[in-house]
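Only one chain comes next, encoded as C-alpha cells, the form predicted alone.
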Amino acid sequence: MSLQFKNLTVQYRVSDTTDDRVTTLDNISMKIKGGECVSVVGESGSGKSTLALASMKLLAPNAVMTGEVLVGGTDISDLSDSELEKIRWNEISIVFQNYGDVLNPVHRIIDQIAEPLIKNGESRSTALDRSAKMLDYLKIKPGRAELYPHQISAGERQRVLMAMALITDPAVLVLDEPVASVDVITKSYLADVISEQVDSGKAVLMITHDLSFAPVCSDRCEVLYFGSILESLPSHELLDAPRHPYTRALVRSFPMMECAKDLAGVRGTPPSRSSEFSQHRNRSCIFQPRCTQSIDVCSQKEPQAVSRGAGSAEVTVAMSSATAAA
C-alpha cells in the first residue's frame, strides 16, 4: 500500500467574515511506496506538520484542502468522518509530535494503546496482552505500563505514541518528529524500529528536524520551504551532496558530532504568509530574498523542476549562479 499526494494545497481561512487565506502547502505532489521511507525536512513553519496531518485529514476546521490524498489508491480528501474511521489507525496511523495534547492524562498508558484494538472488536484481555508486548518491543520497562502519562519521561511518552501507531499494524505510517524527545541510545533503537517497519512493507512518511537522522532510515528526502518542495534527493546525499542553495544552507546550520565545521544559519527570516507575498511567489524563486547566490533572473522567473537521475528530482535554480557553478 502507498501514500500519495497529488497537487495538494492547504490554505487556512484567516476570518469568517472575509475570504482571506494563507497558503501552508502549495501544490505538493509526492508518492511513498510500500517498503519505502521518505523524510521531509525544513525550517519550522515550512508546512511539514500540516503535510502529516493532511495525510489523515486531521486539519483544523478553518483549513481548506484541495488536491488528492491517496491512501492505497483511495482518495480520502472527500471522505466523511464515518468513512475515515475505517481507514484511520487501521490502514494509516500517525505518531504525533505534541504528545502532551494526544495522551489522555487520566488513563493508564497501556489502556490508551489497547483502545483501538478494543474498538476493532478484540477482547480487553487480548488487547491488553498485545499492548504489553508492544511496549516491551519499544523497550518500555516492566511495570511502566500501569502508569499515567505524567509519571513517565518525555522519551517514554514518545515511544508510547509509537506503540499506539503500530498496535493495529497499519500499512502506512506517518511519523511527526519521532525522535525529538529521546536520548541518543533510544534514537538509535527507534531508527531500527522504523527500518523494521519499512522492511515489513510499510510506506513511511517521516517529518524531522534532525538532518543526521533522516539518512539513517529513509530512502529519499524532500526539502520543504514555505509550503513548496525545493529539492528531492536520495537521503544519503542530504548531508554530502545537496544541490539547492536552501538545502545547502540547512546543512551548514546543522551541527554534527562526527566532524568539526563552522556553523552558518539560513540568512534572513522566513517570508510572511500574507496575500501580497503569495502573489510574489508565483513570479520568482521563493527562496530568492534569502539566497546568497541569487542573480537578477531569480526575482523574475520561477525555477522549474529537473530530473536528477534514478527517478529522483530536484527543483534547481537553473538560471542562478549557484546551479551554474554546480
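From a predicted model like this one, the values you see are computed outputs, not experimental measurements. Residue indices: 1-based, along the sequence shown.
Same protein, other form: the form predicted together with adenosine-5'-diphosphate, not shown, and the subject of what follows.
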Notebook entry, point to check: Considering adenosine-5'-diphosphate in the model of the complex, which of Asn62, Thr66, Thr292, Ser29 comes within 4.5 Å of it through any heavy atom?
Noted result: Asn62
Check: Within 4.5 Å of adenosine-5'-diphosphate in the model of the complex, do Tyr12, Thr24 and Ser49 each have at least one heavy atom?
Finding: yes
Check: in the model of the complex, which of the stretches 284-292, 66-74, 297-305, 36-44 has residues with heavy atoms within 4.5 Å of adenosine-5'-diphosphate?
Finding: 36-44
Next item on the list: Indicate whether Gln112 is a 4.5 Å heavy atom neighbour of adenosine-5'-diphosphate in the model of the complex.
Entry: no
Notebook entry, point to check: Would Gln97 sit within 4.5 Å of adenosine-5'-diphosphate in the model of the complex, counting heavy atoms only?
Noted result: yes
